[in-house]
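One chain comes next, on its own, written as structure tokens: the form predicted on its own.
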Amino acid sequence: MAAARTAARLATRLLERPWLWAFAAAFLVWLATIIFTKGQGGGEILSAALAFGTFSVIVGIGQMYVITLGPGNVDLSIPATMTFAGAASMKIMATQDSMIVVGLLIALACGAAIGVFNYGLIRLMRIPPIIATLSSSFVFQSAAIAYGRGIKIKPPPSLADFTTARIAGFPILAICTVILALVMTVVLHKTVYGRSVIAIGQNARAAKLSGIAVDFTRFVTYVMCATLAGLCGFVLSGFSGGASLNMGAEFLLASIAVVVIGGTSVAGGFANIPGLWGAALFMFLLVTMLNTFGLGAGIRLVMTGLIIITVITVAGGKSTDR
């Protein structure tokens, strides 16, 4: 009886984990797909999901930190940041392997600079984050167009090889992103900065009265989010064969969707990094499943929306930090 009660408690605690539902949904969608294809291509689909989900996780981590700051905090400049950083780094590297480190630093610097600009609009100009970051996205998207002249800029061969390489079927880039996610989990839960982000999201006034540097924490968070977007633009350019003007378009909503589906509270104060992976896999596998079923574009969009709403509803909008 004691063992049964212990098992029941463990099962209950597991079901309360906000990240569980995203992974469960991803598994069910993958299972439905391979049943439809009679078991063909299951491994390839999962491998592709890991590869493409990597980019959503990278930008999702930054967006998650921003959203955790509390209501109204969101970064809509992520697509433009990715495009600008990708175009700038690819053009400076000029397909030369010897310039990869320089290109990476340029991409990170572009992201950081955009983050500083965003927070300047928010703090100094008193513009709401959603308006500030949307406005800056137009500025930097236009800069990317002017800088890249609308031409797809190819990456150095070594960068392209690295971003598409696999070890035992697992994308190297996905492995690196798992490590990044683990590091950012430690930062969130074990550092003063991470705990400050959570505290501000729960009650900004109380956090300030307790001595937390609210403005500085917000500044660091917006800069970090934009820097990760710059990093994503760099690796996505290598993965996709070059930087293009629409390379970040799909990540505007994807960066927010993976955060919400992954179990992070949109009200702020509670974050969940493991769920980002489940959500990223779920979103890619969902599109794959609907394409496999041969549904039209309109039906795919409707079904995608309904299924995502169902997953969020079943998850119950958990607001506990796990």
Partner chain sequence: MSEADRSIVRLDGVEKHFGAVRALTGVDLSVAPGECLGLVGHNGAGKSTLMNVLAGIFGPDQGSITVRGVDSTAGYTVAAAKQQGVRCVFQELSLCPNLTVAENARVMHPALKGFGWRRRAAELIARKLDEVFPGHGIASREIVGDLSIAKRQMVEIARAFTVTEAPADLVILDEPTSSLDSVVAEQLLAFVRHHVAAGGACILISHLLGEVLSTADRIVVLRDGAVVDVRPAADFTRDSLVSAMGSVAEGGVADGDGFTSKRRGGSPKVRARPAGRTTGPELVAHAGEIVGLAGLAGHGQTDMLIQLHSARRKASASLQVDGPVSLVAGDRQTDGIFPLWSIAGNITIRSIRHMLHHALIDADAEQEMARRWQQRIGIRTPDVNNNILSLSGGNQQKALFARALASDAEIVLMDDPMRGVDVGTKQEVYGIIRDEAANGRTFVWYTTEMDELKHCDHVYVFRDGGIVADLARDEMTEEKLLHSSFEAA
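Computed from a predicted model, the values in this text were never measured in an experiment. Residue numbers count along the first chain shown, from 1.
This protein has a second form, the form predicted in complex with its partner chain, left out of what is shown; the following refers to that one.
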If you check in the predicted bound form, is G269 within 4.5 Å of its partner chain, heavy atoms only?
yes
Distance check, I153 to its partner chain in the predicted bound form, heavy atom within 4.5 Å
no
Check R126 for me: does it contact its partner chain in the predicted bound form (non-hydrogen atoms, 4.5 angstroms)?
no
T95 near its partner chain in the predicted bound form, any heavy atom under 4.5 Å?
no
Looking at heavy atoms inside 4.5 Å, which stretch does its partner chain contact in the predicted bound form, given the options 136-144, 222-230, 202-210, 159-167?
202-210
In the predicted bound form, the one of V102, V186, V178, V116 near its partner chain [non-hydrogen atom within 4.5 angstroms]
V186
Work out which of I198, L76, L121, A112 lies within 4.5 Å of its partner chain in the predicted bound form, going by heavy atoms.
I198
